[in-house]
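Each of the two blocks below gives one form of the same protein chain as structure tokens; they are labelled structure 1 and structure 2.
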Structure 1
């Protein structure tokens, strides 16, 4: 039976949000191709994260002292050895900084294809086609691997919906790769940390995003009040950040962050394709715009056609009242 293997990243022993999205993508791919799902993560087999991988028929815990801190050499060697053991048809990763660092060299070591930043896939004529966005989301390209298995895939953040982790009864099997310290050519430093003021919008369950309909920087607090009432993070479309009204770290879109919150409340956002590609994975989209023909309404689950300067204060008051 064929296998889809997904490698996950963990924080404090628990899979990260984008890793769970990659896990969901791997589960969908396994189901569509009639394959079994295998999952792997660096850490002790007794760690809490391995119990959250419900749906996987095989779970591997990669344990080695040289894997306690990330290095491209260590991860490449360890993952190559596990791939040789499992013999999967497809290998999936979350498209993270680490994966962008080591996955190309892993593909090169294996002599196989890496299709990066995938947003979807479909079966066609007996093969799986993987979709990537081109020209800031204006076009979609479809790719398939012509080389022998395995095909390596990295999954774009927000492209697949990650449901709440499910418990599993499958115990994690310890996999101890053969690694030598002399083969690690780099010394691990401090883990990457963004600036203290940087906001990780991708991990926020609720987002209130503001667009050019807000008209003036002085009106931003109006939307901030709604975000605060909801317990949401404040985000923005590119024009708002380009104008300096909000920092670039709060930009959603093809040139900003890709998000997939439970709720995405778009305030005064028309819905240009560059913005839509960054938030199309949201579970529920609510749009407020005075233009009933705004493209944002085409993907919105709920739409309010009206003046945001009237709608937003009313919503804020209603949320505060509901919360008591």
Structure 2
């Protein structure tokens, strides 16, 4: 019987949300191709996380001192050994920063190419088509694997719905890869946070968020006025913070804050996935953008297609008037 093998990441011993999404994707893929599901995670087999992988018929705990801190060399070698043992048809990963770092190397070692950042799949004419975004979400591409198994896939955050973790009666088997300390060529340091946070975007009920459409630092007051009129906090996409126009603590997205306000008003933001993962949970999304095809409109509740330099002042005036 063929196997779909999914690799999960754990935080404090339990699988992360995006890992459970990848697990759900792997379960779907296994079901649609009549394969069995196998799951693997770094950690000790007695850890609590391994009991949450209900639905997998094989569970592996990758255990080795050299895997305690992530390194591309360590993970690549360990995962290659488990893949050689399991001989899966498909190998799935959550598309995290770690996976981005080592999975292309792992695929290359196996003579394959990772299909990265997949948002969905469908069976078509005897093969499986994988969807992924191109041009930062402005276009979708359909891919298929033309090489023999295994086919490696990483799954985008939020693309599959994670089921509530189910208890399993399958005990995790310890898999101890053979690793040499001398083969690990990088020494990772302890993770640290940049600056102390002084604004708490996550608890602000209303956010006005500004993107590169604002064009120049001198135009920031335009959106600040709208935020003030609404009683909202100001947030931003990454390029705005990179440029130093707003402090980094106001950045929303995968490398910034995750927010879920009642209202998220995106001004001149295109809607790249790294931004969307940080604000998709908002109750109401409003987008102002001059490009009617901007991906932000795919997730917006209300949209205004137009020049922000005209729409924003009009909106500020209308809000002031409504508030009296």
Partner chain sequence: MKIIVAIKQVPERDARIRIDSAGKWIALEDIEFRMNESDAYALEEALLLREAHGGEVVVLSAGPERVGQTIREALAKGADRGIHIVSDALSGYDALGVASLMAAAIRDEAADLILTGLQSDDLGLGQTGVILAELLGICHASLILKIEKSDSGIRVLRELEDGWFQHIDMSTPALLTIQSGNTKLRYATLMGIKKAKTKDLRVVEAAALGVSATPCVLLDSVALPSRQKTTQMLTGTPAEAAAKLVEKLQQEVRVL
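Here the structure is a predicted model, which is why all the values come from computation and not from measurement. Basically, rigid core = biggest C-alpha set you can superpose within 1.5 Å across the two forms. Residue numbers count along the first chain shown, from 1.
Number of the structure representing the form predicted together with the partner chain: The form predicted together with the partner chain is the one given as structure 2; the other form is structure 1.
Does the C-alpha of residue 284 move 2 Å or more between the two structures once the rigid core is lined up? Yes, its C-alpha moves 2 Å or more.
Once the two forms are fit on the core, has residue 298 moved its CA by at least 2 Å between the two structures? Indeed, residue 298 is displaced by 2 Å or more.
Aligning on the core only, does the CA of residue 94 end up 2 angstroms or more away between the two structures? Stays below the 2 Å threshold, so no.
Residue 269: how large is its C-alpha shift between the two structures, with the rigid core as the superposition reference, in Å? Residue 269 C-alpha displacement between the two structures, core-aligned: 12.3 Å.
Determine, in Å, the CA shift of residue 247 between the two structures after the rigid core is used for superposition. That residue's C-alpha sits 7.9 Å away in the other form.
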